[in-house]
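One chain is shown next in structure tokens, namely the form predicted alone.
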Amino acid sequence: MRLEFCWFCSSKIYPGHGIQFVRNDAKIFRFCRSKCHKNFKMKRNPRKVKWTKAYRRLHGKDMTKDSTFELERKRNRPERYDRNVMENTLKAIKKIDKIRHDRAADHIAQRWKPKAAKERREARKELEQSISLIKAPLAIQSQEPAITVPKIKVKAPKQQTVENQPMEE
């Protein structure tokens, strides 16, 4: 089963699905749905349409450079497989999918780091500005440092426990 990719949005097209457009110069364009086909006919640039993979890659929202993408390349040379090679290939595909998934998760986490830090700063700033809404004004005044008396440490006398006291007769 050969999976094609949509010319406009780069999503997978399964056999029996999608639309094919053949231009006068015999170039074949495959589209996953009518939305992509209509955008192509309107001569829209996929790199400027926000929901396409081309836009997401161009603006750093998806991973672009990763060694796991090498295995997804299209090869036009037929290969002769035996059972062992096929079994090893399927095992490798599962491992590579897991690696790709983990790297994508790391990529997303790295993308969200600055935004999370910015949100924390903004929340802290807003809290400092509107603390009077949360606490009563008298409570805020009482927290202001007035004249502070230094604490003095005094040793307390040892108390004798019941076990250590001498018995009375």
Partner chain sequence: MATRLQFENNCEVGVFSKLTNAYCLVAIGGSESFYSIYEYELADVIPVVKTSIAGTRIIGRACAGNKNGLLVPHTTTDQELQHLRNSLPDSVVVQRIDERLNALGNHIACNDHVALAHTDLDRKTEELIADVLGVEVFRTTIAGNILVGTYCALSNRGGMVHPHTSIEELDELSTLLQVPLVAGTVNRGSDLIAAGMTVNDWTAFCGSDTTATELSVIENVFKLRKAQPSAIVDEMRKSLIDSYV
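Positions refer to the first chain, counted from 1. Bear in mind the structure is a predicted one, so any value in this text is a computation, not a measurement.
The form predicted together with its partner chain is left out here; the points below concern that form.
S.K.: So in the predicted bound form, does any heavy atom of N84 sit within 4.5 Å of its partner chain?
M.R.: No, N84 sits far enough from its partner chain in the predicted bound form that none of its heavy atoms falls within 4.5 Å.
S.K.: Does M42 reach its partner chain in the predicted bound form, with heavy atoms at most 4.5 Å apart?
M.R.: M42: no, not in contact with its partner chain in the predicted bound form.
S.K.: My question is simply whether I28 lines the interface with its partner chain in the predicted bound form - judged by any non-hydrogen atom within 4.5 Å.
M.R.: The answer is yes: I28 has a heavy atom within 4.5 Å of its partner chain.
S.K.: Can you name the residues of 75-94 that have a non-hydrogen atom within 4.5 angstroms of its partner chain in the predicted bound form?
M.R.: R75, N76, R77, P78, E79, R80, Y81, in sequence order.
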